[in-house]
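Given next, in structure tokens, is a single chain: the form predicted on its own.
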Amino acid sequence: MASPRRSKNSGASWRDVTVSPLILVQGGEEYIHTRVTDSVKAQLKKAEPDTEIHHLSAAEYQAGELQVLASPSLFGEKKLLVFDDMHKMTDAFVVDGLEYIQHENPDVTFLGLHGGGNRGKRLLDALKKAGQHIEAKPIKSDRDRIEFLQAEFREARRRIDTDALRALADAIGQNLGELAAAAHQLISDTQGTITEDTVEQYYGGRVQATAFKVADSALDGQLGPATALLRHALATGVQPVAITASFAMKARQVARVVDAKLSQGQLASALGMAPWQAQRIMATARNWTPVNIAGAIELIARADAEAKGQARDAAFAVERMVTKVAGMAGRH
């Protein structure tokens, strides 16, 4: 049987995973776990329709199970063993896993899904050296969201305008599953290049009434639009605490920019966002002084506390915040 070796695919992108005896997916983004699992299943079934598939929990693993499941089948069918919850793996799983890596069955694909952390480090290190290691890091920046969406449309060989990408990212938010579902709906339901108008047609309500849109309008000093967006957002189920959280994030970004002597590119890198997002923040910052934005941050913090229970009417507290913040913009 094969001995441990360093795979050429170690550290590969989750989009490029290929069938191999040992695959480790490590990180907290469950959507990537699902996509990798589905991809491996599809590849195996296409090559070997009779592939046996077994789903097990590493957190409930008992000694000897891996060796039994990975043993050669009577008729030589391929096998896929998917082990969930490896970040909670039992000690027996570590022992058996290390032993299995030394004597892996080439007809078996071992796919381990680890939610993050150092549980089972010896086994994780061994798997990284012997097979494919796929990182499943959660998305944390606007740039990541845009790049994720670009890749979804590129895989489908569909063109989408830059403004449409931005609008879609703003409308859907951080959740990878929701971003992918929205992209796939546009891909399946439309033809030709996807434009901002197309996104508006499908997700206009979400684009126009997100908490971030309210914050953008208020910090730009646009009281009327900000108030209208706020009321529509609240009427469609956006919670007051989501509004204050968005204001807090945007205001902190403005505070970092308002007195900074940085280029757009430097700012984008410092804030972990796409250049177009940095350009938007820089434009908003022109409405503010360091003193004013500090005062706005205090107002937002007070409204956040009120939205979390200190006020009887959270919606009223948030609307008062919107009015005051929009009124402070542009005062120099």
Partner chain sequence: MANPVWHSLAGQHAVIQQLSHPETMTSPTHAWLFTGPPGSGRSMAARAFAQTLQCEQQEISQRGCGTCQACVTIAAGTHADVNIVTTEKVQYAIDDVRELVSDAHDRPSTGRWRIIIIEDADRMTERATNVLLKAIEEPPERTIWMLSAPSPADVLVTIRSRTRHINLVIPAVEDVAQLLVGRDGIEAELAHTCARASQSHVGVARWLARSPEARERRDMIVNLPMTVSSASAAVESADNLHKLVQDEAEASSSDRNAAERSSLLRSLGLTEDDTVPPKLRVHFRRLEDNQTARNRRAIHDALDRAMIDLSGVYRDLLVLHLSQDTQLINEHLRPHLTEYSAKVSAEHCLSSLEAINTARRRLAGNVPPLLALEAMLLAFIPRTRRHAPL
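Numbering follows the first chain given and starts at 1. As the structure is a computational prediction, the values presented were derived from the model and not from experiment. Between two forms, the rigid core is defined as the largest C-alpha subset superposing within 1.5 Å.
FYI, the form predicted in complex with the partner chain isn't displayed, but the following is about it.
Using a 4.5 Å cutoff between non-hydrogen atoms, residue 78 does not count as a contact of the partner chain in the predicted bound form. Although the partner is absent from this view, residue 44 stays clear of the partner chain in the predicted bound form, with no non-hydrogen atom inside 4.5 angstroms. Interface membership of residue 302, defined by any non-hydrogen atom within 4.5 Å of the partner chain in the predicted bound form, is confirmed.
Taking the partner from the other structure, the partner chain in the predicted bound form has no heavy atom within 4.5 Å of any heavy atom of residue 82.
Exactly one listed residue, out of 62, 263, 67, 269, brings a non-hydrogen atom to within 4.5 Å of the partner chain in the predicted bound form: 62. A single residue from the set 310, 323, 13, 18 has any heavy atom within 4.5 angstroms of the partner chain in the predicted bound form; that residue is 310. Per the 4.5 Å heavy atom criterion, the partner chain in the predicted bound form is contacted by stretch 246-254, the sole one of 214-222, 246-254, 180-188, 101-109. Relative to the superposed core, residue 38 undergoes a Cα shift smaller than 2 Å between this form and the one not shown. Superposition of the core reveals a Cα shift of 2 Å or more for residue 294 between this form and the one not shown. Here residue 305 counts as shifted, since its C-alpha moves by at least 2 Å between this form and the one not shown after the core is aligned.
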